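The data below hold one chain only, encoded as structure tokens and taken in the form predicted on its own.
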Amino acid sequence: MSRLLVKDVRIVDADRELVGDILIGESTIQAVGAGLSVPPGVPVLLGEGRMALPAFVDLHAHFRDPGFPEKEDLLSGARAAAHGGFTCVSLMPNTDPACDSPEVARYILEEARRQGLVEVYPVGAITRGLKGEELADMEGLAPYVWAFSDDGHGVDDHELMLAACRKAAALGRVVYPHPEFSGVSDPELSQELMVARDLWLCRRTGCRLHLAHLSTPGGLELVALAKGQGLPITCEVTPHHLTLSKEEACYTVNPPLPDRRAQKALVQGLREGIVDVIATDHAPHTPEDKARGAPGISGIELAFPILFTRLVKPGLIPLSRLSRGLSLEPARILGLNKGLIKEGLDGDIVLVEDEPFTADEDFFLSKSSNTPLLGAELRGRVWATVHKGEVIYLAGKVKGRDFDDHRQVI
């Protein structure tokens, strides 16, 4: 069991802010306060006034393993996650083969545990091969996944999606749809029609529903109405949809970047609590695939800096609200003992520097750096990531490759 004392930090989470220390013992937080004494034999991480937040939890990422190791694999993705301040990552099923069988889900879990870097939570496919034609082995997948999604594809077939919602409800798993109808050319209308359909299925079946990467004001309006009726639903927005507009950046993502009007509505939805979670949709690609039009941003390493720079620093949202969206709410959805810097919760901490830096090619630990933010000056660089009391990233070094024990580098 790892033990650690984090000294002299500005502690911020969804519930409070204070200056002090954090004592982690037996992998959980034992004490939070000013002037904590150093127990014998416990290593100390000197925060020197840096911000300390609960480590981040990403509900939506692609590590491309199995199938596309040239873009990312479980190890490079985990290293990128640790670099970005994430200790828990939920992986989408659009691998090759797709995560539509217990064998693929077990491979992902076992490989992640072998690496021992970040916690990984697979999402199972709704349909076999993500083709939208027949249900995947949802019963076989259920012990290994927390949710079901066809990720980049909405399930157009209403009867098939109804059956999936009923089955997920019976299995106690979340339905996590990609809100988009394939036959509708208008992206906003396509999303809103799918959101409306899936909310009705949630109402009919009682399944828990988590809506992926909402990007339209109409989608948020539907979610707000459904929440007002007490339906068991949550939703997410990505960092790039919150901070980039199509007027500012010409970059291919799915759903498309919003216009400034929609972007402001998304930020307002986050501020008001309609949006529960900020999820990266980390989508690494090779330069060749990106040049051919593959949608997506390699976003897990710059998620906090871009949100901190463009939302928190200008005063659009408080840091506590950002912490809620990146840590507390996704941890609650996954049922984890994380998300606050509080006694009894897991010792998952991220230390951040409020200093400017440039996001150049050398910044990334992911295999891919496909992002419109290359060359941007940002603030909020992650300095250290702690998972259950163990330092897994510190000042450019990652556990396992650059150091074996945090006492060597502190």
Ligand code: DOR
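Nothing here was measured: the structure is a model prediction, and the numbers come from that model. Don't overthink the numbering: it's just position in the shown sequence, from 1.
Not on display, but discussed next: the form predicted in complex with this ligand.
With a 4.5 Å cutoff on heavy atoms, residue 301 does not count as touching this ligand in the predicted complex; it lies far away. In the predicted complex, this ligand sits beyond 4.5 Å of every heavy atom of residue 119.
Taking the partner from elsewhere, residue 296 is found to have a heavy atom lying within 4.5 Å of this ligand in the predicted complex.
When contacts are judged by a 4.5 Å heavy atom cut-off, residue 281 counts as touching this ligand in the predicted complex. Residue heavy atoms within 4.5 Å of this ligand in the predicted complex occur in exactly one stretch of 41-49, 350-358, 379-387, 56-64, and that stretch is 56-64. Interface residue among 329, 192, 198, 151 relative to this ligand in the predicted complex, by the heavy atom within 4.5 Å criterion: 151.
Taking a 4.5 Å heavy atom cutoff to this ligand in the predicted complex, the contact residue among 324, 178, 83, 210 is 178. Along 242-259, residues 253, 254 each place a heavy atom within 4.5 Å of this ligand in the predicted complex.
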